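The same protein chain appears twice below, in two forms, each given on its own as structure tokens and labelled structure 1 and structure 2.
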Structure 1
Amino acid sequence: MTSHKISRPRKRDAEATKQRILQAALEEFSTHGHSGARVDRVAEGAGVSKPMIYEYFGDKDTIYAAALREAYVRIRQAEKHLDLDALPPEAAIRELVRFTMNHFRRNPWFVSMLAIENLRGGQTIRQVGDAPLIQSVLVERVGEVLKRGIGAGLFRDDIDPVDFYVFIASLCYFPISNTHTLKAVFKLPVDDAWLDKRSADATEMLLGFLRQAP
């Protein structure tokens, strides 16, 4: 009688499964919120069993924490593809603003996850131990762009990179997070053309803030 040894999934397969679960969790929590999300729907969306999800991540709160962390990881990973160092300082700022607006609009789960976590008082993000480290690379890159702008005599020398990124995120976040109310209250189109114009206007506002006074 031939015995068949049960082989464990290869590391690559396990990582692919984990990413499917995280994507399904991002969609589930961003659509239904923390309280309304269901693990069985996450399992269905990922094409795995509920026991497998519990094996990979643990309970619902742990899955939510992993999905929230993943939301930050993905935007930071995507930013790594921006060749900011090769661009002149003002062009680098334009590229970062363009990217930020596009990431928010193309990944609505990101905006929703941040809104949900803030409604929950930030209780989970405070428990994500490496959250500051995930953000540190971005802060460093923004700081380098600002330093180059200062060195070229283009930018003021009193701008904190974290404060400046908060300005970028704020100008890009609001039109996406408030799309429905902006349409209803102000009758704005909030379509691609309108968002492109907001991105361009935000860039000019931010560059005006950075530039040295004549």
Structure 2
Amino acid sequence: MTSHKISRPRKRDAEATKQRILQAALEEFSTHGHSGARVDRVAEGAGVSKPMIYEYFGDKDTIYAAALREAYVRIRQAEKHLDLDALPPEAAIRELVRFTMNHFRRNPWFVSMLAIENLRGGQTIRQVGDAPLIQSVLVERVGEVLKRGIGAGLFRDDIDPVDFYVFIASLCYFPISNTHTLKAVFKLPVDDAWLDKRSADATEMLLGFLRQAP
């Protein structure tokens, strides 16, 4: 998420204003959590007055819900850039893992929003529903790759794409989401090099798993 000051507010443009608020809200909530977020800071970040925010969204919870939804929308958008069709199955898996790791690494605000929403018991995501907008595109890609791999006799055929995607996500999410405790507790150097190695090892692990007989 680019945090450089939003370009000078073009006044009297409702849609643009709403978008600026959303952007600021996403920054604020992902950095401070739900209770820690301050509507004042959202207003300042968006370059608008507080009443505008309430005009457009109603109350803090609704701003949060909108920000969470926005997080998913953006991530989904970013995921569309992944194209695995040209790659053979195993290479596709490699690319998938690499992509996922980078995805989380470059969009830590998304990882934060996930953590925050889960800490809240998923109250909001459950209501946002709106599956098509929210569901990861990656799962579809995974499904396609697995099918190709199975067809080529390379992968076992008893793996659910969602379950498998959760493995990928698990391996990529944790080192990013828990960077700080990993550094402090295990003295790990959670930097790009370490994450790249992690990504590579995870890939091997996952491919090994896929190659195993059921």
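Residue indices: 1-based, along structure 1. Here the rigid core means the biggest group of C-alpha atoms that line up within 1.5 Å when the two forms are laid on top of each other. Since the model is a prediction, treat every value here as computed from it, not as a measurement.
Note that the form predicted on its own is the one shown as structure 1, not structure 2. With the core held fixed between structures 1 and 2, Leu138 has its Cα displaced by at least 2 Å. Residue displacement note: Arg74 has its CA displaced by at least 2 Å between structures 1 and 2 (rigid core superposed).
Superposed on the core, the two forms barely differ at Asp160: its CA moves less than 2 Å between structures 1 and 2.
The shift recorded for the CA atom of Gly58 between structures 1 and 2 is 4.0 Å, with superposition on the rigid core.
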